[in-house]
Ligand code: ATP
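Single chain ahead, by itself, as structure tokens, in the form predicted alone.
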Amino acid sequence: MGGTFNPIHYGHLVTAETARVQFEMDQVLFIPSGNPPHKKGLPIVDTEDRYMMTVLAVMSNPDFYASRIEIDRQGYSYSIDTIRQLQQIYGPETEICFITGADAYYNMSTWHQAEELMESCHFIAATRPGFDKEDLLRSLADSVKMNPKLRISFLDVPALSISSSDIRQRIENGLSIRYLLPETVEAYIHKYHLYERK
């Protein structure tokens, strides 16, 4: 499961657990992006802070792990590089699933080395209630034609109504973020004054 995790919250955790159970996964790796090209110029807290919040968020689940794979890599964080590295680590017999929010797939054909990426793993698109799956499938039609090996499954997750951007906005405005993310992550944010108005 990749993302900026800026910050990680219960929506991410519920999505990962739902995917793990529904698709019978052995484990879920949470991979905070190191240097995401699509977030260039946007305010993102330090990679070490995002990694530490991820560690704190997943430590109580024995099937969840936080990975430094993208944080420790130089240059931009491209999904295809991460998938290749995971394939080297776990071997060709391991099926790798890529879990992320369904909205991200709208521009999938523009991703770095998209054609190879499309056939490299099983994509799991997490959706909010009311998400128009047919609209996404129509927008993916050209991509699917480009690579018929694209495997994408949908995962309905009610908790996805929680968002990192809303949490950041709440902190900036001095509002409570309790129960939107794990207490350990909330404590870390407050201790290091992350996302507060400067």
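Residues carry their position along the shown sequence, with the first being 1. No experiment lies behind these values; they were computed from the predicted model shown.
Quick note: we don't show the form predicted together with adenosine-5'-triphosphate (ATP), though the next part is all about it.
With adenosine-5'-triphosphate (ATP) omitted here, the record of contacts in the model of the complex names 99-107 of 99-107, 113-121, 71-79, 86-94, defined by a heavy atom within 4.5 Å.
Among the residues I162, L140, V28, L56, the one placing a heavy atom within 4.5 Å of adenosine-5'-triphosphate (ATP) in the model of the complex is I162.
The putative spot formed by T47, I177 and H190 is not touched by adenosine-5'-triphosphate (ATP) in the model of the complex; no residue has a non-hydrogen atom within 4.5 angstroms of it. By the criterion of a heavy atom within 4.5 Å, T15 is counted among the residues contacting adenosine-5'-triphosphate (ATP) in the model of the complex. In the model of the complex, G11 approaches adenosine-5'-triphosphate (ATP) with a heavy atom inside 4.5 Å. In the model of the complex, adenosine-5'-triphosphate (ATP) stays beyond 4.5 Å of every heavy atom belonging to Y195. In the model of the complex, the residues of 1-21 lying within 4.5 Å of adenosine-5'-triphosphate (ATP) by at least one heavy atom are, in order, M1, G2, G3, T4, F5, H9, G11, H12, T15.
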